[in-house]
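Presented as structure tokens, the chain that follows is alone, the form predicted on its own.
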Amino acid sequence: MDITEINESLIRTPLYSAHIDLNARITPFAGWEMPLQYSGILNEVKAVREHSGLFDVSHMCRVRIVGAGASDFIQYLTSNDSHRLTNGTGQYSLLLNDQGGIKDDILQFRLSEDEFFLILNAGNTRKDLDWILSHMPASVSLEDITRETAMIAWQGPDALKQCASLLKLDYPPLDRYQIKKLIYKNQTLLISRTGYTGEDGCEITAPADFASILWREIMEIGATPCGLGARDTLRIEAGFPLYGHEIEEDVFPREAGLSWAVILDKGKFIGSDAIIENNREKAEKRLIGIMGTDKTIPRQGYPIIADERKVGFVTSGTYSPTLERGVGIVRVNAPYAKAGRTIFVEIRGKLYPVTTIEKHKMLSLSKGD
């Protein structure tokens, strides 16, 4: 799409000019103008799997929850057990509605007892903020720092070594899900060992006016700029869920394979009563990964056929450069959500055989595990 065709009401990240300088293909996404690709999705996926890549993820909402009682509020607001967190640590968690459905999946970090840092999905920003504010006690406040900062994801087997070298940190610079505040070139950075690619790496929140400098320095030590196209392919290869695909407001966590992020014994939280009630029933739908035998792509919405009837549909699908075949995630009737089965994707009236596999194990096949 030509840049001039994009609606002027879309928001540009602090790195927009850097993307234009790199001849990135720009696309509208969740209200933002974002780079879809630079050198090509296949090349960018390869860079992340073999070396390191960097992504502009500034479109994701970043908020601080501050005040006396912040810890107890986060414990009630989200599904995971935030009371297990110590200062400088984080966890994957869910925002649930009162019926136990998934409003969003988030990252939450404890900076101190009275300060938490949350990362929310860009497409759910307004909905999530309204939901959080509607439950927030008077002793706690919310600060949205999205527009005054940028966020860079630095991913791949070389990413942490490069990060330690650039920022003059010991290696490894962080433990998994650890978050650290540091000063680099007189700028305050927040760096966490997290990501959305299936590779190790980190995500850095930096002041908006420093982002382009940091981006250029990361590129100069060997990281390849990557766009949303590669990021989506990488997350599907890794079996990670995406809101609007694997998770939605009418999907229970166990239907999405996310029960591990719901800690019922921590006490009452939003949606907990509905989750307990749902757990008493037999799950009707489950998610499972699939792998094809060729480059045919199982796209979102395609029917899944088994025993000569429709048993589900594709939630996400792509061509995997890593596995060199079509791969995807499907929601199927629970009896069919078992690894090692042959089922079929219906594409334009033709049935293509695919093999089911635990979605988090797809990448391990390429690594010989």
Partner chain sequence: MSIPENLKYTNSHEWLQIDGDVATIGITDHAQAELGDIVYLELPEAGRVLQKEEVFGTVESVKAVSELYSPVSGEVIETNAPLCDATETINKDPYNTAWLLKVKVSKPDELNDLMDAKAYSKLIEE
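Numbering follows the first chain given and starts at 1. This is a predicted model, so every value here is computed, not measured.
As for the form predicted in complex with the partner chain, it is not shown, yet the points below apply to it.
Here the chain is shown alone; which of I275, I297, L258, L166 has a heavy atom within 4.5 Å of the partner chain in the predicted bound form?
By the 4.5 Å criterion, the partner-contacting residue is I297.
Of I26, V57, A337, I41, which one comes within 4.5 Å of the partner chain in the predicted bound form, counting heavy atoms only?
Looking at the other structure, the residue within range turns out to be I41.
Suppose contact means a heavy atom within 4.5 Å; in the predicted bound form, does that hold for all of E246, G301 and F313 with the partner chain?
Answer is no for this spot.
Does at least one non-hydrogen atom of Y16 fall within 4.5 angstroms of the partner chain in the predicted bound form?
Output for Y16 is no: heavy atoms all beyond 4.5 Å of the partner chain.
Could you confirm whether Y319 comes within 4.5 Å of the partner chain in the predicted bound form, counting heavy atoms only?
Contact check for Y319: yes, within 4.5 Å of the partner chain in the predicted bound form.
Find out whether any non-hydrogen atom of P207 is located within 4.5 angstroms of the partner chain in the predicted bound form, and reply yes or no.
Outside the cut-off, so no.
Look up in the predicted bound form whether S79 has a non-hydrogen atom within 4.5 angstroms of the partner chain, and give yes or no.
No, S79 stays farther than 4.5 Å from the partner chain in the predicted bound form.
So which stretch, 63-71, 329-337, 33-41, 303-311, is the one near the partner chain in the predicted bound form (non-hydrogen atoms, 4.5 Å)?
It is the stretch 33-41.
If you look in the predicted bound form, which residues in 346-363 sit within 4.5 Å of the partner chain (heavy atoms)?
Result: R348, K350, Y352.
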